[in-house]
Every structure is written in structure tokens, then in C-alpha cells.
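Okay, here we've got a single chain as C-alpha cells, the form predicted alone, with questions on binding and movement later.
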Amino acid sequence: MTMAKSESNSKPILSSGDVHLITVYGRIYCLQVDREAMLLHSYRFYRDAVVQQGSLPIYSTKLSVSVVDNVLLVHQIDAKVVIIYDLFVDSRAPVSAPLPLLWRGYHGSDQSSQAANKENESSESSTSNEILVTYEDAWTFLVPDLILDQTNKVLWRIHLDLEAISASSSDRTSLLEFLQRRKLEANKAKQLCLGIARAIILERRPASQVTQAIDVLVTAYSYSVKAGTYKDIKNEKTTATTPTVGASPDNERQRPSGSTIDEEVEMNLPSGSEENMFCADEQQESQLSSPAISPDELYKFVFASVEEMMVEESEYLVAIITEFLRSISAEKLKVDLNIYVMTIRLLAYSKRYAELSLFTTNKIIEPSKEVALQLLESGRQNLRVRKLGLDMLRQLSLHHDYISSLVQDGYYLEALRYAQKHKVTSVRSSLFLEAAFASNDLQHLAAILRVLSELIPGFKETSEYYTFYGLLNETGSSVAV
């Protein structure tokens, strides 16, 4: 082991309290405190070797470590704060700013007569009556995540407050990567990731930063799908054998009679956000096995939710969506068709019809019925765009929609010829007749009656034939039918 030597002591002594064995992401590490150098050295155990992995700075002569959800917590006991590291990444920078501990769920071990009344109180009100001191000398840290508190006669369990960590982190991309690796509170991590993705778009962050964030989420989803972890699991209730129980009243009642091994410590939340951390409704909902976010969810909870607010800056949002489509394509994932429809709306709103044509012809926007109908809608102000929609319907062999659109545009003769050529019988004959009659061209009306009579067996016996044939006779037309 590496140990710095001072001028007064050329033979430093390694005490048992300076060595900690931990397991992170299935890897075994030995952490060694070097007080002289104020460093925490890490060594990884392999089958045939022990290799030093690097060093982390420390800021207290007294410290201990915990591991929660594969996250290393270095307790700076003198400063009474925790520095959080994620050893999964090569960087040795902390995940967030140092955070203090926040008490949760403590009701006092010597007031059993009042326990029943306090169960229904909020955690804020219950802890305000107790004088609790963090990092007491009587604390014994038990790896991975327990603290034996001999003064209060309880065993604390440490949890991560992902909201506080997110609020204390400045690097949004690294934070998203960190949250995507969390398993114990996957639902909370997922909601935070969605909130971050929305925020960086609404804040008009540089497109490169937003692209990096999107790449993180898409890659994490792709990996989760391949690993088989992207699925919902039911949140089972905690049993009486669990060493610690949450602070909610329902969980408090599951505590074994007389047991005091049931308290929690959580990373500190910003003031006024306690309710968000322990929401009973969230605990009762389905718990996710992975915080991964699907492309459909990214559309629904990120892009769709910001579209109205960003419509005046459609150029920026389209650039973000384009990078999102690139990332989806690189991972060979399925794209929600609504994202294509949104892109068309945004481009048409800003009258960027040339770009819209390029997006469509180059198949950045993949063809589909929904896309074609949106092109028709957006093409009301641009014939070229509307023609793109018509061509897409024809290419996809959506005969009924293609014919209906032609008739709507006044090309009822072309529509009828198309229906005759492709033997389309799903379109109402009255659609063509009404369009021809509205045009006041009796020759066209007579021609359509004649073609429909040849195309549809028994058409001359229908009420439609008699109705429009009668209209021809009323006008005194000499046109043959």
C-alpha cells in the first residue's frame, strides 16, 4: 500500500480503521486512508492481482465510507458532510457538491408510549422534537450502508436522496449517466431524468449539450432492452424481517413489536421538499426495474410537453429532434411516429418548406400514413408539400386515403380513374358524384355516372344513380349517360 511519510515519522503506521473493503458493481475494492497525504487510495481485487485504481482527495482526518446502490459515500466526519463518488466512471470527480445527512423516521427509543401517536405525524414534525447529533463518537459504520448508533440505541440505514444530488450537480450529462445506473429507486431516477431533459431544452442550452444528454438516455435504453431489465415489476410490501422500514405510517406499522432497528438516514434535501422524497403514493405504485426511458416516453414527456412553449423557436427544437432521430437510428430502435408528425408541424409553422421536402425525400422522416396525412394538412399553404403527402399515400398503397384526398382537392376524375385502375371499391360512389355536381360541369357528372355504371354491377338500380341522373334531366342536359 502507498503511504506518505512525514518528516517526523519515516515509518507510518496503518491502523485497521484506515482500511475498508467494499463491493461496487460486483467489483471488490480495498480503500485505504492516507492521512499524511490526505488521500483515499483505492485498490481493486482481481483473481490473480491487486491493482491500485487511483486516489480520491479527503478533507477530514476522520472519515468512513458507505456504499448505497453501488455509489461510494465518503463521510467527512469532522466537516459532517458526505462526498459522493461513482466508481463506474473513470473520472474521480464527485457526483455532486458535498451534502449533509438528513434524519428520517426517528421517534425516540425511550418514548414507546407515544409511538402510536407519532406514527401519524410527518417526518418533519417528529424529528423537530428530538435533539439528534450526526457523526457522534458513538457511531459505528457498518459496510455497506448501516450505522450503529449506540447513543439512541438504533441502527440507521443510509439512503440516497436523488433529488438533492441532482440539485447539487452542475454537469447534466454526467448526472443523467449517474441516474441511469441507479436501481434501488429506478422510478425516482427516471422522473428526474425526464425533468432534466425537459429543463435543458427549455433553458435553450447549446444543441451539443442537449445532444449529449439525449445520447445518454437513448444508449441507456438500448442497453436496458438488450439486458432484459426494461420492464415493470410489482412493488411488494416490506416484511417484518427487513432490518429497516421507511418513514411512511404504513411501513411504521409493519415494525416488529418492541423493535428499534428501524430508522433511516437520507442525504439532505433542499428545504421544503421533504414531501417529494417520501411520497406514499409513489411507494405504492409499480416500481421499475430500470430507470431507462423509451423513445416513446421521450416524445410524450419531453418533446410533446415543450412543443407549445418552443413553437416560436422551432428551428432550435427541430435541430434537437434531428439529433434525437440520429441517435435512435444509430441504436436501431423504433421511432414513435408522432415525433415525425411534430417535426412536420414545426417546419411548416416556420414556413421552412424546402427543408421539409428534404427531410421527406431523404427519409429523415420515414413514410407512414400519419406522416402523409400531416403533410397534407401542413401543405394547405404549400402545394409542393401537399403533393409530397399525396405521393406518400400512393407509394404506401393507401388507396382509399389517396382517392379521398384527390377528390378533396377537386381531382375527382383522376381519382375515379385511379379507383378503376386499382379496383378500389371502398370509396363511396357518392363522393365522386357530389364533387362533380359541385363543380357545375355536367359533362363530368355524366362521365362519372357512366364509369360507375360500368365499374359497379347494379349501380343503375341504386338511389344514387336515380338521384344524380334526375339532376341531369332537370337541367335539360343532352349529355349521354
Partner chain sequence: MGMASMSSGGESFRLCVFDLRRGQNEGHELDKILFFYPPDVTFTTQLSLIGLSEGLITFTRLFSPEAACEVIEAERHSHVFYEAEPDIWMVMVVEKNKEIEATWRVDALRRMLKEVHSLFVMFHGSIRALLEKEPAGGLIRSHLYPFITDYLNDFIVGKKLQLPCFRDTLRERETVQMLTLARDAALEVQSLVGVLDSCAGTVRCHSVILFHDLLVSTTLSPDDTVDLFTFSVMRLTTTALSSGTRSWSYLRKGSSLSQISSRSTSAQLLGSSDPLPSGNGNDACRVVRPLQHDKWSKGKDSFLVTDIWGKDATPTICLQQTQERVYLLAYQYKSLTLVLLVPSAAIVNGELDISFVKHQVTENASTKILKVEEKISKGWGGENAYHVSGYRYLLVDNDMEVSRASPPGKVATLAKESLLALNKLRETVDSEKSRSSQEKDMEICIRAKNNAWAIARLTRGKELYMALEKASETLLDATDSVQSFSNRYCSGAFSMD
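Being a predicted model, the structure only gives us computed values, none of them experimental. Positions refer to the first chain, counted from 1.
The protein also exists as the form predicted in complex with its partner chain; that form is not presented, and the subsequent description refers to it.
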property: Selected contact from Thr322, Gln76, Asn152, Ser305, since only one has a non-hydrogen atom within 4.5 angstroms of its partner chain in the predicted complex; result: Thr322
property: Sole residue of Tyr135, Tyr340, Tyr85, Phe141 within 4.5 Å of its partner chain in the predicted complex, by heavy atom; result: Tyr340
property: Interface segment, criterion being heavy atoms within 4.5 Å of its partner chain in the predicted complex, picked from 87-95, 216-224, 180-188, 354-362; result: 354-362
property: Triplet Leu388, Asp391 and Gln395 all within 4.5 Å of its partner chain in the predicted complex via a heavy atom; result: yes
property: Partner contact for Lys369 in the predicted complex: its partner chain, 4.5 angstroms, heavy atom; result: no
property: Any non-hydrogen atom of Asp409 within 4.5 angstroms of its partner chain in the predicted complex; result: yes
property: Interface membership of Lys80, its partner chain in the predicted complex, 4.5 Å heavy atom rule; result: no
property: Glu414, heavy atom within 4.5 angstroms of its partner chain in the predicted complex; result: yes
